[in-house]
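Shown here is one chain on its own, the form predicted on its own, set out as structure tokens.
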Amino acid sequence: MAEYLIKNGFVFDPVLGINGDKADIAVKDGKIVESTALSNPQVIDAAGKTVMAAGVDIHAHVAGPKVNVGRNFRPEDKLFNCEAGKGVRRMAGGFSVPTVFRTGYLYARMGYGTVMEAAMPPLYARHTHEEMRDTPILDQGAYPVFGNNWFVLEYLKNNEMENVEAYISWLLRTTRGYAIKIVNPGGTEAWGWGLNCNSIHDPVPYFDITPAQIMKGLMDANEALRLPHSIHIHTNNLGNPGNFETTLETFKLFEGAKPNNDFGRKQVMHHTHVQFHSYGGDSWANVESKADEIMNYVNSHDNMTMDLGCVTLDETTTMTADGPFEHHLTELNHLKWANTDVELETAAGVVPYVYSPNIKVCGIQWAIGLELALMAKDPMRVFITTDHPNAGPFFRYPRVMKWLMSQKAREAQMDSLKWAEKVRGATFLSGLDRELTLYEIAAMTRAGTAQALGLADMYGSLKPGLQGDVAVYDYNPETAEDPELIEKAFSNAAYLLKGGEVVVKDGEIVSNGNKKTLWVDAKVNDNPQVRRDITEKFLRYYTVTEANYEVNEKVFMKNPYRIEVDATQ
């Protein structure tokens, strides 16, 4: 494999504490190495450019059944943006729900190398893996959803924690999943009865346990299993005025809990797309930002991480396993929608949406996402996302970076809003003069996300021994003044090396790489009761048999990468 020496760039690496110093980065045999290990490298001149580890996205919806539903029922999403195949590139198209090829290409052009699919219905794991297999360049993994799973609800109701752990171990192995995802715990199951759980203390019909018990029980199981990532939560009451109180109650469930793992993970809970969970007021007429109260809590509790869910003011396609929310949303905007119930496991909905700058609430949502980042004291625990595609497409990350790095840019956007003064009155954004640095951006998009995923020994830094994933941007931090240069540079990497191979050069895809699919194999002691329960449930309730359920690595996965955990002791 080729050797590369990336010379004389401005390097930003929070893991190594390098903050814009000029340095050389060496890559050999797919790994970062000391420059003295090279014998005859190809030289990449990075003078006047920014160099970081490749990006790691902790939360996006890029593959699987609900993404495909979005593609199917929104053909208009592909208008005006299809690209013909060229060179190594396949034909690609789509805006808010791009094809898998466009997904891989756009992430790579942004300098990202790893993207996690944030919600995988176990019954559709094969389809999810098929789409990830076909996505070029990116290393990927997927989080199976557990928060409305009948096995989990029954075991927790009966306080059978060993069974919860054995079932999680079985499901991760069977679906080749990466982490425990929780979406509207109990609420999606309640929706089958025409109800919801709008607080974490509402009882789930039939199972008679609460969302708080579900989340706490799954956190205990996660730590007992010593998994690389923490539980990954989308809590109850998403998107409703006044929901910040539900969010804070969720945070407080985990006070005093400590992580238990060998992967360098420091948190017991990751809360996702917090922008959608930070609303004050009691109606859409008086909705207001509560980003200050949310971040006061996050800043003072280091056993949790979060991502933003920034609104990008685009037309998009919302989709989530929070079926009740999607039904609520379609009643608000009266656009078409689709819904799927996934047997004993979860449900999902899909609804188009327009975050219009002419609507006051959309402006408030846009401001809250940025406030959360600007109020963060530890960028290693607060991560940039758009909850793609829910708050906007992922390829707006460079635009979000521009707003976060430039007060001038966000004030210009604020002034363009139809209800700018009302947005200013309901939010804190205009009073925040902080401008994030490239060092903080590297933490929020690379170093922090890799650490939270338990993958800091592979990604997120330029430390020797890590995977050779390096992004070079044509952005000179010493001379660049126009904030538009931030968005331009981070949308079109000058180079992306993935696994030691150049896959992007001058913003163009030059290789489809050799991606990996990450999954976690957590070994537990044999549990005959859980094996018997699984067999019985499949016979009684599932439309497929156990034999039709398991993900075969050779058939469905591209370069499977197994992370082993031994929880038998």
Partner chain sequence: MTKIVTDVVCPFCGTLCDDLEVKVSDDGTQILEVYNACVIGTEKFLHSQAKDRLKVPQMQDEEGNWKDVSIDDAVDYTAQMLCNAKKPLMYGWSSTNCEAQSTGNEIAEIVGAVVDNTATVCHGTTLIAVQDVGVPSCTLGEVKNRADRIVFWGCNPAHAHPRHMSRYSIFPRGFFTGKGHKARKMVVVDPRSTDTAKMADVHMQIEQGRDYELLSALRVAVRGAPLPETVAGIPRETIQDVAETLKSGRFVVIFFGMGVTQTLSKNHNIDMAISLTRDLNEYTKAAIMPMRGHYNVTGSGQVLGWQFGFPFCVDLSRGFARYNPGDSSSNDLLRRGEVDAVFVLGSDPGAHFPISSVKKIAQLPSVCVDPHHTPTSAVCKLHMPVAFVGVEEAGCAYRMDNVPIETRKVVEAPEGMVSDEEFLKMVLTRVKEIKGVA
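Residue numbers count along the first chain shown, from 1. Quick caveat, the model's predicted, so the values are computed rather than measured.
Unshown form predicted in complex with the partner chain; subsequent notes refer to it.
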Region of this chain that lies against the partner chain in the model of the complex, out of 474 to 482, 286 to 294, 457 to 465, 322 to 330 [heavy atom, 4.5 Å]: 322 to 330
E435, E160, E130, E249 - the one with a heavy atom within 4.5 Å of the partner chain in the model of the complex: E130
Position in contact with the partner chain when the complex is considered in the model of the complex, options V100, L374, M444, V204, heavy atoms within 4.5 Å: V100
Contact test in the model of the complex: D387 vs the partner chain, heavy atoms, 4.5 Å: no
In the model of the complex, D307 touching the partner chain (heavy atom, 4.5 Å): no
Partner contact for G256 in the model of the complex: the partner chain, 4.5 angstroms, heavy atom: no
is_contact(S356, the partner chain) in the model of the complex, heavy atom dist at most 4.5 Å: no
